[in-house]
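Quick setup: one chain, the form predicted alone, written in structure tokens, and binding and motion questions come after.
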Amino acid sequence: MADEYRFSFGPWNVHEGADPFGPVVRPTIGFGKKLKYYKQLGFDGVQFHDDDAVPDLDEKSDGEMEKTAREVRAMLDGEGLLAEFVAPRLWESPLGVDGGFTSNDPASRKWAVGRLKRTATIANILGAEFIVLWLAREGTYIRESKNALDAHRHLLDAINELLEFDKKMQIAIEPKPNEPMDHAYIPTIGHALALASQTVDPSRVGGLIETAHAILAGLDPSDEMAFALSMGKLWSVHLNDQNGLKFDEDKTFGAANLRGAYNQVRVLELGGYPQSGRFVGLDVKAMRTQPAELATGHLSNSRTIFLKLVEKVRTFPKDVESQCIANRDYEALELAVIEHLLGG
């Protein structure tokens, strides 16, 4: 099973433990040292923001950007790692304070599209096949501050510009219903794939589904994944867990809702996801209480739980499932699932 699935995480998943209510609690670890963890923990893919690969990106010329990206590619090759994707990080720039692609300011929209094109250049150098669009500040704090019709058109225009700029690059839209914006545009995978269908090349626009983001929308992550898989549009997943409708917690996969995690794995199995060659991304955070020497357990634990659930999915008795479905005895089916998860 470990050979069938490929796993990735981002350098931000090994972090200092700061949150909005407190400072760092662990020392900073350099990017090069983080790369050493990947193979040790059983991971093959690295997720990138554009400025993870090229720090201070807006201050660099194209030549400087490409030089830095080539240096990072050499580091990846030296560790036997692959770049899964690169995502433009627009939400931390003053130019993106009102959204980048959907800003009321034409200059900010131009900057955002330019940054998207630079992200594609970085992705090509790193060997990543697609870009992820997490539309963090693409929304409003109050509805009346933007024309939502224009905002969605601006998003479509930005995606089309990238598709025309790079004829091979793919885009995976990662929806999120809230945080940091009060009212988010493109909050679900349905919105994302509807937008994809209107682009100049829908075949190159798909989706990335994160467990917590679906839960925060009051939806079931496995159903969101099934929707995208049924259309051949699930290009990555970010697995984690979530204690209800709170902030985006990024807990260890399966730690809060083991049956929900089981069903996410079941859907990936039903959809033949490992045969697609796509990565299983883990977007999880170490607990703030963890000392530095224990601050990678959330990653290895999530991978372990995932693989154990793959085994549970594959060993669930199909005859019991078929008989329960034929009898419409869903109480018996539910008990069989629970007993299987409990080892009974």
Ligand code: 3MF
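Please read all numbers here as calculations on a predicted model, not as lab measurements. Note that residue numbering follows the sequence shown and begins at 1.
This next part talks about the form predicted together with the named molecule, which is not shown.
For the three marked residues, 6, 269 and 303, no heavy atom of any sits within 4.5 Å of the named molecule in the predicted complex. Figure note: of the listed segments 154 to 162, 168 to 176, 70 to 78, 196 to 204, the one touching the named molecule in the predicted complex, with heavy atoms no more than 4.5 Å away, is 168 to 176. Contact annotation for residue 87: at least one heavy atom lies within 4.5 Å of the named molecule in the predicted complex. The named molecule is not shown here, and in the predicted complex it never comes within 4.5 Å of any heavy atom of residue 111. Contact check for residue 227: no non-hydrogen atom falls within 4.5 Å of the named molecule in the predicted complex. Proximity of residue 98 to the named molecule in the predicted complex: non-hydrogen atoms within 4.5 Å are absent; the residue sits far from the partner. Comment: the named molecule is not present in this chain, but in the predicted complex one of 123, 132, 189, 234 has a heavy atom within 4.5 Å of it, namely 132. In the predicted complex, the residues of 233 to 254 lying within 4.5 Å of the named molecule by at least one heavy atom are, in order, 238, 248.
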